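A single chain comes next, written as structure tokens; it is the form predicted on its own.
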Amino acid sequence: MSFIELADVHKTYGTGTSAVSALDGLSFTADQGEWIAIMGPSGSGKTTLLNLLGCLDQASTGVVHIAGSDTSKLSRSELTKFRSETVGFIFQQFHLVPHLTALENVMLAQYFHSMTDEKEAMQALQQVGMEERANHLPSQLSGGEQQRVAIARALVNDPKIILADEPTGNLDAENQRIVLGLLSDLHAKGRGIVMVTHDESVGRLADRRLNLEHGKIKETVVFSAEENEDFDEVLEHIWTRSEPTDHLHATEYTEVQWRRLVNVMTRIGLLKIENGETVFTPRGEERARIVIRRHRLSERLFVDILTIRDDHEIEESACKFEHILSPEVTDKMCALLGHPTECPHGSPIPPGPCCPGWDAWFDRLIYPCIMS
């Protein structure tokens, strides 16, 4: 069973002719640790869905399973207990108690869960970089700082899932970047996140986006971070870091986008973290070799055959062209160009099966990859 499982869920407010349907037969599943973005116009059912997932409300009909429990069958007291143990909330308006310090606001969540622990509350503030502001009241904190306290409050009871309702809606660009970075870190550590947002750029950080309309899922979008082209771009960036020659890159990523891509690629076995550094696995290194070979042969083609000299035009053209090359066409292009060993900027072109010296590459890269 998936971590979240909704089946034919209806939620109706009121009765008779005045009844309003907020959710109309909604069904979807989400795995443990998945990041889901919920988007849609006002009145589409986003907040209602979040309330059901957070056990603040129950469905009129249908099944809502969370972490193996059918929440539609829980009593009010059981819902409260389940919510405090399973869910962490982050709201657009922060909802901090104004007369309590940052530390006390975090401890308040502990109080409703079991018992307060000042040391654990301080550790939660440290996770979001707010330990030095622990004794300040909300009125003494900026909007971004208040939201970071709210994230610490959501984390302090070690919830299985974080529900975020427009978490960056009231923040400026810099604080939005900080908060999204914190959410990305939490996601990388295996936290599941369900986030309501109106911001397309924020929604694109999720693993999946559900577009709601009139209480139904109109569209499900899986983002380009899962697509091979993005993975290849990251592999190319990492490969060129170890080379002395500076390289242009057609695609640049924000810190949050980069972190998210690296997290996904680590999960699927292309990258790993060693001593705090992101490095290739054998399989990732082999794929990077193929990407770099295609790209640099494409650069040579544009320079040697088409006599293009502008570096930016060469880079952009090579990025577009390389993705349509099959291994067979790549080898034919390599032979046409005379098996070049360097790109136009002087960086080495990894050899392929058609090149002299291929056996050494095969022994060093392919065999470890197969054994892994």
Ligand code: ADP
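Sequential numbering from 1, following the sequence displayed. Since we're looking at a predicted model, the values are computed, not measured.
Although it is not shown, the form predicted in complex with this ligand is what the next lines describe.
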Exercise for the section: Look up in the model of the complex whether Gly68 has a non-hydrogen atom within 4.5 angstroms of this ligand, and give yes or no. Expected result: no
Practice task
Verify the contact flag for Tyr13: yes if a non-hydrogen atom of it lies within 4.5 Å of a non-hydrogen atom of this ligand in the model of the complex, no if not.
Solution key: yes
Problem - Interface membership of Thr47, this ligand in the model of the complex, 4.5 Å heavy atom rule - result: yes
Handout entry: Close approach of Ser42 to this ligand in the model of the complex, 4.5 Å, heavy atom
Key = yes
Problem - Location of this ligand contact in the model of the complex, chosen stretch of 47-55, 319-327, 27-35, 343-351 [non-hydrogen atom, 4.5 Å] - result: 47-55
